[in-house]
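The chain below stands alone and is given in structure tokens; this is the form predicted on its own.
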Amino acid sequence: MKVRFWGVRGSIPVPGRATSRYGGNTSCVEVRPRNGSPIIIDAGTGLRRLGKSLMEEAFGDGRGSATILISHTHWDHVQGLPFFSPLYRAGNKVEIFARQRDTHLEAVFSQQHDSPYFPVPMSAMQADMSFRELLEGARFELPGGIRISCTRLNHPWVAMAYRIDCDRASLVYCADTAPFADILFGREFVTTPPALDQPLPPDVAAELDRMRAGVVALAKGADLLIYDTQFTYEEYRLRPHWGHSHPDDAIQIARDAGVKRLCLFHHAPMRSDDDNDRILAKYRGVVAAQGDPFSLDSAFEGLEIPLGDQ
């Protein structure tokens, strides 16, 4: 399979000269199995360009089929969906998987198409769309023996990590998540930073340990781990209540899981290309100094990574 990054930013799109090399679109990753239909992880603004590319294939004739895995329904991970061209061509089939609490999944996505937010209602889209609600720990297969599994991440409301196994290779996608040490996110909106380095209540600590163990198990032996590193460590200490992680935490997860390759992802909107270069160089030094067996990259738009059989 081949993995291609179409959007690598968190929070908001940030096009401009300072972000031209890494790109300014929000989260969207394409996984192309050797003998299968495209699997798309997250539907940020990068989805628009991906959709235009797909229209040059079978999707342009209404014969395309795709699976979209949504990590969570925060705006920067779904805002590209109304601009996904294959949805406007009759005959195409798009199946969307996500975890959503309390509200029907289709209703969540249709709301961003309703007036006054968008001029085209979801009902006007001509493709065959279907929605599949996921639960934490779900496992299922797609045609061609492609195996999908997921687990919960530590992010406000709910977010899911995904693992894709196919073509004798494995990919794990973890965005968005905070570390599993200082705060447990749930339904409540956290407005102020917690007191760091203080003992957590035993039940909270146990739940965080369980969630972290689930992520490590999901990523065990993966060929590629894509991980939320929106913050530097110093930035995380100022904003631990925002639900994002940093490279030190990502590297420790990669170590514990024994992955072969780690890719820093979900870059902060204020992070310039030069800033990202410096962060990558610093942590490549950390990985080398520790003798870690995995390689380290930083995601940028257009980065393509072949895995397993292609």
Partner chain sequence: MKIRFWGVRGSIPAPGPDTIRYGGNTSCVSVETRTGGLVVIDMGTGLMHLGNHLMTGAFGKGQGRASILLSHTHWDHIQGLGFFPPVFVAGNQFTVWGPGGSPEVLEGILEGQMDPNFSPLQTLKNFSATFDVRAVRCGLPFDAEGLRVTCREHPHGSATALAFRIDDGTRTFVYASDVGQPDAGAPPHPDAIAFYQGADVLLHDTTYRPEDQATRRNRGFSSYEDAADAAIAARVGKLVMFHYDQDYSDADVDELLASCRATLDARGGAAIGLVPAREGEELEI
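Quantities reported herein were computed from a predicted structural model and do not represent experimental measurements. Residue numbers count along the first chain shown, from 1.
The form predicted in complex with the partner chain is left out here; the points below concern that form.
- Residue contact check for F83: one or more of its heavy atoms lie within 4.5 Å of the partner chain in the predicted bound form.
- For the chain shown alone, T45 is a contact residue for the partner chain in the predicted bound form, at least one non-hydrogen atom being within 4.5 angstroms.
- H74 belongs to the set of residues with a heavy atom inside 4.5 Å of the partner chain in the predicted bound form.
- Interface membership of A281, defined by any non-hydrogen atom within 4.5 Å of the partner chain in the predicted bound form, is ruled out.
- This chain is displayed without the partner chain, yet in the predicted bound form the stretch 267-275 from 245-253, 53-61, 31-39, 267-275 comes within 4.5 Å of it by heavy atoms.
- No member of the trio I146, C150 and S295 reaches the partner chain in the predicted bound form with any non-hydrogen atom inside 4.5 Å.
- Along 111-141, residues Q111, Q112, S115, P116, Y117, F118, P119 each place a heavy atom within 4.5 Å of the partner chain in the predicted bound form.
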